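Here we start with a single chain on its own, the form predicted alone, put down as structure tokens.
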Amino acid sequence: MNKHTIYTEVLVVGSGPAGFSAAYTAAKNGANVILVEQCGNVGGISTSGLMSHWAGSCASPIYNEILKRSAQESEGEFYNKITTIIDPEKLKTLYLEMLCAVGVRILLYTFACDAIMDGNAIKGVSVVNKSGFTDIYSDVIIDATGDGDIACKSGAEYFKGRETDGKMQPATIMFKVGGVCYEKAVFPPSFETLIETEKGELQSLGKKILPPPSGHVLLYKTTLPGIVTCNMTNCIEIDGTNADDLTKATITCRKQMDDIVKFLREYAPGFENCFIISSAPLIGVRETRHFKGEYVLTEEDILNAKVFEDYIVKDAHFNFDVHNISGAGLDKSGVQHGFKQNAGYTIPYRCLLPEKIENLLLCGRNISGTHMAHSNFRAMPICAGIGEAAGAAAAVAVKNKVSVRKVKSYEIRDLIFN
């Protein structure tokens, strides 16, 4: 089969909130950008993953722009109202409109399969799609795949999961149910939200009745009447970088859906007549590879609200959202309601720079951080902020004809915040 060759200044692989923000920001600031996405839509977990809402927060202009534009596109109860609730269908279109407006070339249905290396420098990425194999050469490559697939293939150093045993957070398929009576319905937003019903406390009932490893009850309003997003399927002990494990997780989570609906009809007020209307075509993988960058963000950095001299993300805020690695609910190491640090924290540029690989930027949940720190910065608004910084850094690098390692943090901040 013939192989094609193309060139761009900035190549972004993966189009979740991090990858979208990186591609949009780089192109908005004058770079020639190609965005590669294996799914048929832009947005990753925020769209194809049917994520219910933007959890956490970040002082990111691109994140705020997404919220503002989403409100302008919304209807009914949420017309012209800023909300963190996601309408995935409208968000799919919004992402595409924004990317096209700044001239990003988008390659959907395209799988990035290898890194093109010259010593310790990455020069491009090999991709495959219906058109065949293509080598895309680029001055800057931004790995926003979540799992860090290209960083891994380039030889960047990483570890998986938590440091003690390599085990990773469970995977989930999000799904939506219709037929819900909002006037009666309950919406537990966290594992620690306890709701008393006529038949007992809802979380306790879930743990007792639902087939393990499912067992928690997380229900979220949508922008549409009578429709609720369920974050309740659960598959433990899988590696999201392994195709067999991803298949196992998909089968496991799908098998749980009917039991979850039966449970909701019987025990959740307002859900007596609910039924499945859609499920995510993209499984939600929370944790895989953690890459070693010039700096490793730690749990203590977050708890101390550390302000780094070379910060490129600011006012990031979430909790330690560690889903139970051995079952349902919150892991014993996780902290949600009890998370006391309300000041927000910063992320330094060094976390985006892998130690030994040139021309590569880490972007999103694969940046350099510990297992516990990752459980915080993996929140989508923070990933959008990270992507925005990566895109700005790439734009500076190609404009000044320097490597991304030579870009100064203040140059990135000037593009983002000024």
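Note that residue numbering follows the sequence shown and begins at 1. What you see is a predicted model; the values in this text were computed from it and never measured.
What comes next is about the form predicted together with a small molecule, which is not displayed.
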Between the small molecule and G44, H53 and A112, in the predicted bound form, does every residue show a non-hydrogen atom at 4.5 Å or closer?
yes
Which of 350-358, 64-72, 22-30, 377-385 has heavy atoms within 4.5 Å of the small molecule in the predicted bound form?
377-385
Considering non-hydrogen atoms and a 4.5 Å limit, which listed residue (A392, A373, V36, C58) is close to the small molecule in the predicted bound form?
V36
Heavy atom within 4.5 Å of the small molecule in the predicted bound form: which of Q336, T346, N231, T250 fits that? Just give me the one.
N231
Using a 4.5 angstroms cut-off on non-hydrogen atoms, would V13 count as touching the small molecule in the predicted bound form?
yes
Taking any heavy atom pair closer than or equal to 4.5 Å as contact, tell me whether A144 reaches the small molecule in the predicted bound form.
yes
Using a 4.5 angstroms cut-off on non-hydrogen atoms, would I236 count as touching the small molecule in the predicted bound form?
no
Can you work out whether G284 and the small molecule are in contact in the predicted bound form, taking contact to mean some heavy atom pair no more than 4.5 Å apart?
yes
